[in-house]
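Shown next as structure tokens: one chain only, the form predicted on its own.
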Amino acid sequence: MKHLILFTMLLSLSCALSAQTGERKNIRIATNHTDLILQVPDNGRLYQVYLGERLRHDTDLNHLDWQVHPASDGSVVPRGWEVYSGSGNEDFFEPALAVTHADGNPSTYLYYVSHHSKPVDGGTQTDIVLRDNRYPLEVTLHYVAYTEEDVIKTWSEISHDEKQPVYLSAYASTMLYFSAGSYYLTEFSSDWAKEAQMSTQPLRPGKKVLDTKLGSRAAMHMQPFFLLSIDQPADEQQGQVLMGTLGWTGNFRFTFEVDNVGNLRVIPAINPYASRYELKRGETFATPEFIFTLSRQGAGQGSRNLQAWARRYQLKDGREPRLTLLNNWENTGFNFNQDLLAGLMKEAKDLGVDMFLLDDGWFANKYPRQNDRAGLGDWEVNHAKLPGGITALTDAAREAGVKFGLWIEPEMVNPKSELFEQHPEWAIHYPNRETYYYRNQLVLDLSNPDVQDYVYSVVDRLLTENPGIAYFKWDCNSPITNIYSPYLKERQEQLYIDHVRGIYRVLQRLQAKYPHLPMMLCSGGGARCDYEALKYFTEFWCSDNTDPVERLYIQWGFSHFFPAKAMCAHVTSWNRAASVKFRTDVASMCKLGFDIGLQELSAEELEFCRQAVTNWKQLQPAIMDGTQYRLASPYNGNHMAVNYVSADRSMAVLFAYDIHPRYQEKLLPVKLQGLDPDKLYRVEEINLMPGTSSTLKAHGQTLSGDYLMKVGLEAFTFGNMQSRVVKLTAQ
């Protein structure tokens, strides 16, 4: 208490001195093209005074000022754009932080204490300490500004020194403010087989909320990212847009609130739904990272900012190459044996891919995994299917000349399993109600340290006993149902948060022991795709829907926030009306894989696929590590096009797709982007079916980058589900 009294006295003295001198302290968080300016005025609190294009002259910061608002009685209310507004203060709108103190007081007023900056990889980290002037509650705001990529990452840490626990009922990662004539929000809604579906709407007075309450497989209905455009609907190449995403593999909430004078506040956070958090004395509550970029050249530039940042700083092994693969699932389902898999490995080698991936169905003996109703949790090899164990499979893969990967779903359990028989208390389920099963399974309670140890041991044991495993596909097919933790007992409201933290603890342990193990993040499709999880996974599965037409929309949506290197796309038998060429060309714009029975392909189709794999590997400097430009949206017509350009602009590739053209519709040239205007590029259509030749008018010609960007290529056709892949090589 003495420390609190002393702090209150010093804070009051500091504010009094500031009031006499009119002193204002500016805190600048800056990238090459964006400024976020925070200010501490004479009342000692922290406000946002500017977010926009970087100011050219440092002296201009002195003219920025926080705003006060007149009250209805004529008095002046200190209600500016407070950076981390607490509940119960004079602000009438959605707060960033809501705390009930140990004495029951629900108000929080945060005052500036200090800040400091330090260099970090790629930019500068700024940490700002705030404290309540009546309670020993402290909030530290963290900002990392990535200079070249124009990306800012921010999160907060909350702690206290009250004698008893305090309770958090809101805990945002940050708050951002805008003042404009209008705002347009693009959201990315989802469900199984239709992930990242884009829709745009204007924001009106009041609140618009994007959230999820599913706990696990959390992004099944709403993806954890958004696009906010200022004064006009989102455009690919022009206009001011904020693109933001939250690094949290659980429930999230984005709140967009337009106030009484038309200003907008944006609040990214863990969803506090059923998650009132008891914060003990000395404990620190860390919020997820909110990652955002502010682009003045539309969504295209914003995407390129995020993609470059992810490859360099966030995505696991983001600068390393990716493995092509052949998966068995669409070919065999649960019905396979050791000899059959060994034969598929030889097919993988013949196809030219790097790895064979064994999917679901390889485990459990008492309750064999013959379907999705049994076996989850019992991660021992099924002896009837695989008498030689995993070792026989890794040996067969080595003999075939490919790597071996394995599917797991270690966070889940079937009630029909030995694990559930032995440890029913490890599963999240009600003790006194009829159990609801989603996909015949339950979620293991990762808030429980014993369960964390078990999940870690599953993966560790597989790798220790079978060092030939080179890759995991880590699935998560169920949201949390029957929401009760036998472990947490009276602290049930912490389940959603502690469960996700438990997942991270497992992944951190695995990362420490196996730092460069490639893993695919999968969740019944694309229901896990956040940048916290992607610190531990090299890539994610966008959707179980591999119909190439649907995939164009899905991959278009995800590309707004993720590089192609992070997005898995496989050639399958979905939509057999589409040619193998069209299916392969669609998958080739991301991380290429195959999930198809090669026996169903004709000799010409198989030869085409082999050549397409070779071509894709040669194009990795552009597709995997280059810069992406979205040229024609499937949402705006009957065609789609994207191009990628390598870092040195010596190589580029254009993907052009005809979806369902209308009769004799007007076809416009595709104008490429990102090329060197002064370089000459040889134009070559690749991924052609054997025995066919290109009908591209410019095929074989050498054209300048300037011409290709201003005049373009006649790449679209009137064909239904037709595609072109055009390679451009600097001469």
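This structure is a prediction, so every number in the text was calculated from the model and none was measured. From 1 onward, residues are counted along the sequence shown.
The form predicted together with a small molecule is left out here; the points below concern that form.
You can rule out all but one of 652-660, 539-547, 553-561, 397-405: in the model of the complex, only 539-547 has residues with a heavy atom within 4.5 Å of the small molecule. Comment: the small molecule is not present in this chain, but in the model of the complex one of Asn477, Ser156, Thr245, Ser417 has a heavy atom within 4.5 Å of it, namely Asn477. Think of it this way: in the model of the complex, the small molecule has a heavy atom of just one of Pro288, Gly593, Gly525, Gly626 within 4.5 Å, and the residue is Gly525. Residue contact check for Phe608: none of its heavy atoms lie within 4.5 Å of the small molecule in the model of the complex. Although the partner is absent here, His160 is not a contact residue: none of its heavy atoms lies within 4.5 angstroms of the small molecule in the model of the complex. Contact between Trp329 and the small molecule in the model of the complex is found at the 4.5 Å heavy atom cutoff.
Under a 4.5 angstroms non-hydrogen atom cutoff, the small molecule in the model of the complex lacks His499 among its neighbouring residues.
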